[in-house]
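Only one chain is given next, in structure tokens, and it is the form predicted on its own.
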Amino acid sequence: MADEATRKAVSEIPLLKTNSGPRDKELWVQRLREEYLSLIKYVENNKAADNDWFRLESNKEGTRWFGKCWYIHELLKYEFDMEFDIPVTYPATAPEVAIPELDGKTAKMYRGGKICLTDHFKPLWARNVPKFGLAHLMALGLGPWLAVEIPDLIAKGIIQHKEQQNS
């Protein structure tokens, strides 16, 4: 179960209404508009709560997304590139977020650096189609994954802060 802070953050993310994916050109534009509005609201809320942790942008069609995510651990910022494609069957199928530089460094990851969201996030997504969108993917998928995996990878010495790597 999500903690109270996560529940509050997610409850403030606008739900989406348009049940459309990239194959449906006209309705996809409407869905994409809803996605952007939801993401903007989530980022604004995060900044207001001093919890800013990702940047995201897309190609013109809104089918390929990329950006940066970061995790603060013991006052050190660990930053990673992230990317994902919108599945053809979206929103019925959730996107698979990849953090390529962590590929092969944790068991909770698939080939190509795709983070494992199968057990916890995907059933939640399936119950909330088409209301959940990319902001929910960040809040309930990538965010909790980073919170669990990054401290573990640091503790095991698998990843190091960039300043420590250079010394």
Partner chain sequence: MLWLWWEWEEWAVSLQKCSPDVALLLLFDYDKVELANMNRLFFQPHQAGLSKVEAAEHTLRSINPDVPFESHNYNITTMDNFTHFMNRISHGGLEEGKPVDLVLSCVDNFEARMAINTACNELGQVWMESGVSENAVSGHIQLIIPGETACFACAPPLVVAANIDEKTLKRDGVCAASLPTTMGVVAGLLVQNVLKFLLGFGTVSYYLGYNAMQDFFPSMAMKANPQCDDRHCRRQQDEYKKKEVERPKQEVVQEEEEVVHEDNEWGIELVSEVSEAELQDASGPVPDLPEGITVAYTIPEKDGASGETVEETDQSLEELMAQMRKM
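The model shown is predicted, which means the values in this text are computed figures rather than measured ones. Residue numbers count along the first chain shown, from 1.
Same protein, other form: the form predicted together with its partner chain, not shown, and the subject of what follows.
- Proximity of 137, 146 and 161 to its partner chain in the model of the complex is absent: no residue of the three has a non-hydrogen atom within 4.5 angstroms.
- By the criterion of a heavy atom within 4.5 Å, residue 51 is excluded from the residues contacting its partner chain in the model of the complex.
- Its partner chain in the model of the complex comes within 4.5 Å of no heavy atom belonging to residue 153.
- At a distance threshold of 4.5 angstroms between non-hydrogen atoms, residue 68 is out of contact with its partner chain in the model of the complex.
- Although the partner is absent here, residue 101 sits far enough away that none of its heavy atoms falls within 4.5 Å of its partner chain in the model of the complex.
- For the partner-free chain shown, 29, 32, 33, 34, 36, 37, 38, 39, 40, 43 of 28 to 43 come within 4.5 angstroms of its partner chain in the model of the complex, judged by any non-hydrogen atom.
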